[in-house]
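Form predicted on its own, single chain, as structure tokens, below.
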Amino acid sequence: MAESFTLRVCFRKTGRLRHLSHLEVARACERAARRAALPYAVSAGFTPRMRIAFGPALPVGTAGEREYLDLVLTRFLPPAEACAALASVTVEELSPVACAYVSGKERSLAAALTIAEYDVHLEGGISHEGLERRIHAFVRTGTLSVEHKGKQKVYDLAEALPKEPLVVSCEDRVLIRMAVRMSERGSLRPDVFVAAALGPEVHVAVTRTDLLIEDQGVWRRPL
């Protein structure tokens, strides 16, 4: 079997491109790998495809500061060279942040990444103290019921939120900094949590600031 190398790429999804779907982001990243002339591997069979895998999808409208993909290469290319090649053919809002090689025996990104951290910027004149009081009071209710595709889904907030959301003053606005646990059953969306806690009339801008691996109670970055 030919030797292969798994290049892990950390990239951003910001600005106007926060409104791209996960499928559109995936296609853009595949095109970037081709334009950068990276020696990517393809799958076997009648319809060969680029061997590329992505971390958890971002909802449309949510920005991401540290998103991840794994791209299998057929030969070794220095990570800095691969990163520069991708950056040269990618718009700033979807550009790579860092690259490094990982073992091909590691768990997939979708399985390994179980913690997501978010900044939720609020629009409107909610005071720091008032926001903190309402958020903490809602967390203490213990559960959140969400209707999705005609079905009710109930989140245990103690499980869904591995640590208490933090209210932070940022220039002339306040934001909620929160961590969400992800699993095969899905994860609680920050905008849904805020709408339930504060009311649907509150407008928010959500950014996923990090994706983390949880290992025996310790959180670490995949790259």
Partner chain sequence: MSEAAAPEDLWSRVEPLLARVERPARYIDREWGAVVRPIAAYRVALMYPDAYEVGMANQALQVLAGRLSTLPGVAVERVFVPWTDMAAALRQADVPLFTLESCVPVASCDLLGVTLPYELTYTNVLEALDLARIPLRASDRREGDPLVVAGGPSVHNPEPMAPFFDAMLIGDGEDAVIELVDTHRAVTGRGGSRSEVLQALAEVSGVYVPSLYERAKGGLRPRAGAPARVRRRVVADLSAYESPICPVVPYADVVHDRVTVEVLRGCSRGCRFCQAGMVYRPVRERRADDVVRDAIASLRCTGYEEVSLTSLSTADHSQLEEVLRRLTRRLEGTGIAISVPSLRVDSFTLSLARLLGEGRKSGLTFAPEAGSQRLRDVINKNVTEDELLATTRAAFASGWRRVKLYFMLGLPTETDEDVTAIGGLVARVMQAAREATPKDERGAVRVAVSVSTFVPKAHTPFQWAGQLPTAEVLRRQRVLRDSMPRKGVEFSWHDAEVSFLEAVLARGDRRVADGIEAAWRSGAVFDAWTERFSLSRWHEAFAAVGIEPSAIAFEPFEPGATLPWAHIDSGLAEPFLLLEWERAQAGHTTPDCTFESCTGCGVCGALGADIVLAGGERHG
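Residue numbers count along the first chain shown, from 1. Keep in mind that what you see is a predicted model, and the values were worked out from it rather than measured.
The same protein has a further form, the form predicted in complex with its partner chain, not shown here; the description that follows concerns it.
- Heavy atoms within 4.5 Å of its partner chain in the model of the complex are found in exactly one of 158 to 166, 172 to 180, 185 to 193, 43 to 51, that being 43 to 51.
- Contact annotation for Val202: none of its heavy atoms lies within 4.5 Å of its partner chain in the model of the complex.
- Contact annotation for Arg18: at least one heavy atom lies within 4.5 Å of its partner chain in the model of the complex.
- Interface membership of Glu93, defined by any non-hydrogen atom within 4.5 Å of its partner chain in the model of the complex, is confirmed.
- In the model of the complex, its partner chain lies within 4.5 Å of some heavy atom of Val60.
- For the residues Val97, Ala110, Val89, Ala100, the 4.5 Å heavy atom test against its partner chain in the model of the complex is passed only by Val89.
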